[in-house]
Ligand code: NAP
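Below you will find one chain, with nothing else, as structure tokens; this is the form predicted alone, and questions on how it binds or moves follow later.
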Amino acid sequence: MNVGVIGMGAMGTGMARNLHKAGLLQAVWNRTPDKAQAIAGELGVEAAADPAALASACDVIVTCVSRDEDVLAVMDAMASGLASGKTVVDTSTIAVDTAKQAAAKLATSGVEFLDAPVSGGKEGAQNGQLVFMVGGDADVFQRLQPAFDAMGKSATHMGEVGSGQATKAVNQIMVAGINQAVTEALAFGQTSGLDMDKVIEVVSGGAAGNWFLQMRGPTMVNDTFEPGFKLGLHHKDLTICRQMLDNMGVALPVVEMTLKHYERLMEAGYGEEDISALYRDKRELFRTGNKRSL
């Protein structure tokens, strides 16, 4: 199995390195050539000239880009290099309908498609600890298990194309709620004059303990918001969730509130920071006496 990776951001680079460790990586490509050339030089693989060249050289193509329109553009750009028997695995977070459009585009060339969004952030990608939520043909999913094993700690087949993205929407709504709860509670604790290192340690060991508290709590209370998962990208994902909810005739408070808070932070220039930058907003509530609108 020869695998190529398109998209050399923090997530794609981590996936590429772990595929290389497993002896599966053939080539990489990135819209900014310098990034692809750097990782290709590091790993001793090909930096493809364009997506079509990468698709031609690889049996499996893993795509990791940011937005729906980028995913569809990459599918089109690969077209001349694709052929029956190849498989495209898209790890981006996109709308269910976009995943189905991508699958339909590829099916005309006999190419299989799996929508396989991930959870685990930059650390998960670097350490091969990603969780994959996969939609598509079950037999194709089983055939690609070695690649999933190289990149993550688990991969679960959720159903037909689009099921992976629907599962990721569940994840992103839950992440929003956790972010709201943790940042709000820690802002309360800090304003109360508590030793926040001790607070995080104690609470992490109890019923309220969670990964976000353990991994981001110590950094946020020290005003460090280096991105593991960019706030602006979570805003994009929650916008997709809102579109899905609109189709159901439902508005979820945690989605609407988080979008509002993220927009405020993005306008202030914090969109490239980690989602834990929501802590900035929560501290402000205490500074203003909560007189402003939530």
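Position 1 is the first residue in the sequence shown; the rest follow in order. On a predicted model such as this, the values are computed, not experimentally measured, just so you know.
The form predicted together with this ligand exists for this protein as well; it is not shown, and the discussion that follows is about that form.
Taking a 4.5 Å heavy atom cutoff to this ligand in the predicted complex, the contact residue among Glu256, Asp59, Asp70, Glu42 is Asp70. Taking a 4.5 Å heavy atom cutoff to this ligand in the predicted complex, the contact residue among Val65, Ala53, Leu265, Cys241 is Val65. None of 27-35, 257-265, 242-250, 42-50 except one has non-hydrogen atoms within 4.5 angstroms of this ligand in the predicted complex; the exception is 27-35. When this ligand is considered in the predicted complex, Ala10 lines it closely, a heavy atom lying within 4.5 Å. Residue contact with this ligand in the predicted complex: Ser92 places a heavy atom within 4.5 Å of it.
Using a 4.5 angstroms threshold between heavy atoms, Leu114 stays clear of this ligand in the predicted complex. Contact between Gly121 and this ligand in the predicted complex is found at the 4.5 Å heavy atom cutoff. Counting a residue when any of its non-hydrogen atoms is within 4.5 Å of this ligand in the predicted complex, the hits in 227-248 run Gly228, Phe229, Lys230, Leu233, Lys236, Asp237.
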